[in-house]
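First structure 1, then structure 2: two forms of the same chain, each alone, as structure tokens.
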Structure 1
């Protein structure tokens, strides 16, 4: 009601912040451009300051964009949708804190999706740090949003084992040999999630969330291809382009970088409106991401103008 009564030009504090920050960045880029025309270099710290401002401004004055899932992301979402309740999905946390801002939102969104669909989840990790990162999902997603889900029955955390691909080479034929217990020492045979699961070949889906070695590549080479196990992934942007040759024959889908995570969050909220109020960190991050991309593109253009002017000057000489 109030919004109808408000004049059309009424601006909130956030709007003013957005406009001011955009003006500051645009002004700064103009200054950089003018310096480039005069063939003057700038100190690298100025460039750093630009990036800092272009990331901070949209965090303080957020703009949330709606994302539409691209086919490669939709394939992962649809695969989880197609699994009947009670299917077992393995979610491997193959990442460390350095990759977490990009891939933790993926792990959380996929966990939400699996749990709301009534799928059982086996959590494990090929990075020792993955176990600590799972604690974040447990405390921020599973416990508060799914209080009815029971450890060992609906999900289990079997944690980390050293040995990278060596771990996978064992669990492709025998889970229990590598993971005799879960992280709390509960024996394999007492864990309800593992009922009917002897090896990775019995799983309905494996999703590796990561971005380094060991990660999705090892899962494809040591589990997906030899065991004919459906594999999907959520990877840091640095690794995403490298994984395209596996798609779709060896890897059914992939969430690449924060954009992939945002698309997945958007798809999840679209299909399950109950998650409308759940945190969507990846969607929030697309604001700063967009502005920073724009600034970097401007840097490339200005840098090239500077280069062309210098080359022209060099030719004249």
Structure 2
């Protein structure tokens, strides 16, 4: 009779650190609850310490929580999924380095999705600083992960033009007037991506990443509405509430803040397992945020339990 022994469970230092951190937080909350029941004062510094540990622990020992795409994020993902190979998507980097930690993961994830689907991408920006942010995508996503994709054939960077809404007023009728060449000086008519594309009206999808002005609102007002062009966006969390009124009639979907970016990354990995080992910065950033929120919720629950106990004692008296 042959016995099959289970292989020993291999725990890395990160796994051990993650387990110990969660154990410390759980044990600390239990201690806090018991101390509060005994009506012993809890110093404010202890509360701050809990929040500190809940934020720092997932950073030192990366903790990833599963995310499920909400409808407004899933609509963007499904739209790209529905486009046949060869469709042309315009991705506008309308943000600066200060906003990049929150929205750069969106731009990178959407670029991965478009390229793996065989879509062609036109990169541009309404912010002068957007050019540098595209370079990050080029160096960290396109070149290392899609070495077979060819500049001018599968994607093109036409860069930045000053003018804000004026730029959109021109490209809604004629791209070539505003962008006669790409950033390297290659003539418009020599760029394969622009074959059959005269204006934004010929695009299959426009996605604005950012949240400032000019940004998604201007894309909707000057391109989406007058040209009947499908528009989607990825915006900073502080901007997202202002954009909900445009969904879904004028904006087909939106990634809002790190949460939206994390949902998109999770959806992408779920559908394309080859990206399992690709960077997912938004999912990593959600670790500290989620754990801190759970700790705060625990504080609220403990506080309400104590309030109810105190009220019950008061009635007995």
Partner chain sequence: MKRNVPLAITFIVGAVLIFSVFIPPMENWGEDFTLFFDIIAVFAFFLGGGNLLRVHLTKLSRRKQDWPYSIVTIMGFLLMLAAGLFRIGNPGDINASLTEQGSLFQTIYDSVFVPLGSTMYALLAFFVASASYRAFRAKNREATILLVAAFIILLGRTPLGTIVTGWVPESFSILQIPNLAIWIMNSPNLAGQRAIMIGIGLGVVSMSLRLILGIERTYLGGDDK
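Fair warning: this is a prediction, and the values are worked out from it, not measured in the lab. Numbering follows the first chain given and starts at 1. For the two forms, the rigid core is made up of the largest set of C-alpha atoms that agree within 1.5 Å on superposition.
- Between the two displayed forms of this chain, it is structure 1 that matches the form predicted in complex with its partner chain.
- Treating the chain as two rigid parts that move between structure 1 and structure 2, residue 148 and residue 173 fall in the same part.
- The rotation of the smaller rigid part against the larger one between structure 1 and structure 2 comes to 31 degrees.
- On a core-based overlay, residue 302 has a Cα shift of 12.5 Å between structure 1 and structure 2.
- Taking the core as reference, the Cα of residue 293 moves 4.4 angstrom between structure 1 and structure 2.
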